[in-house]
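Let's start with one chain on its own, the form predicted on its own, as structure tokens.
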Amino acid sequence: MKKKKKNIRGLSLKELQDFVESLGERKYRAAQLFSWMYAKGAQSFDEMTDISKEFRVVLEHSARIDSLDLVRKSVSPTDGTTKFLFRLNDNLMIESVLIPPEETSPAAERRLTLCLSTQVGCPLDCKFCATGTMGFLRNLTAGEIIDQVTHAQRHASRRITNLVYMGMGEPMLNYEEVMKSVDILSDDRSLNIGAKHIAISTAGYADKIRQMADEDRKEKLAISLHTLDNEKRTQLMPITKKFSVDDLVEALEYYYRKTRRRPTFEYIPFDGFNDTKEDIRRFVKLSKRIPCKVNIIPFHSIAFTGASGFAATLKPTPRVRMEAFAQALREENITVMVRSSAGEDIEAACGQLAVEEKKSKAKSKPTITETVS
């Protein structure tokens, strides 16, 4: 029976060392493989020109470098946001989004952010998120997470500086592979993206928040919060049945006490639902317990998924009131950013990622679409 080749994309340096030693090679070969795959984005052993031809032949017979298949790249003519549709080796699909900074941003010439997916679909069924309508199919491997960066970098006009684990899926439900990918991508022999430029988002897995604190993870922690009313949050995010608002806040207090790092709260204001004076009061009270930052994010329609029931009743808070909500928090000395709707015209904005046959092909604005054969 023919021996199956080992996929080495996604292996850590230590795992690569063990692998090359099993082939009778010295450890330094692992560092070469690590650099070629992660720093230089090599897709084949033939590209690894400083590795001897003899060893490349050995690698060809014993190993492989699995790669995502880029099916389509869509570019927003409005703001330059780029959405990638990838096919995995088992023919499942995921999306990633490359987000340029706003032109008025002081970091406009330096910053480039990639929003990464960590699962195919998502099991959480948050009512404002298109990904949840796909259901859950499987977790991504560290290699599949990393290869999103490799492909996006190849199509980017400059270096990707920031990573946000906020695409399809709940990162904390794929904790080990997510953190493995973070460790590889932040290694100075890889892409050397520092921990302060990496953000990991969660819908509220209190146990994993505590784990991040115990492990002293340096990456930024973002919480998809959206309301501090437990009943309303349960309606909006069923995960609240497992981890209540009180459970989440206690875990975040633990996180802050142990790490002294401020979490970021992601907050989508919905008209008449979570944008009231009482919501502001609750937020201010929370900020006294846990120093934090707040990202106010506009609600982006997921009508293309055929949303029904409670999800169909959600409406965005008008921009003027959203800005007033943010200003009221700022007046209480809370750091607040109001995010733009980057990529909304190509269904790439926050909450819009989903791969389904029923996604509408009609667009409100023209997009530049390149289908890759």
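All figures in this text were calculated on a predicted structure; none of them were measured in a lab. One-based numbering along the sequence shown.
Form predicted in complex with a small molecule: not shown, discussed below.
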*Every residue in Phe34, Val149 and Leu185 with a non-hydrogen atom within 4.5 Å of the small molecule in the model of the complex?*
no
*Quick one: which of 134-142, 271-279, 176-184, 298-306 gets within 4.5 Å of the small molecule in the model of the complex, going by heavy atoms?*
298-306
*With the small molecule left out of view, which of Thr82, Ser224, Asn162, Thr227 would have a heavy atom within 4.5 Å of it in the model of the complex?*
Ser224
*Quick one: of Thr240, Ser201, Ser74, Thr113, which gets a non-hydrogen atom within 4.5 angstroms of the small molecule in the model of the complex?*
Ser201
*asked:* Considering non-hydrogen atoms and a 4.5 Å limit, does the small molecule approach Cys129 in the model of the complex?
replied: yes
*the small molecule contact at Leu248 in the model of the complex, heavy atom, 4.5 Å*: no
*asked:* With a cut-off of 4.5 Å between heavy atoms, is Glu219 one of the residues that contacts the small molecule in the model of the complex?
replied: no
*Using a 4.5 Å heavy atom cut-off, state whether Glu266 contacts the small molecule in the model of the complex.*
yes
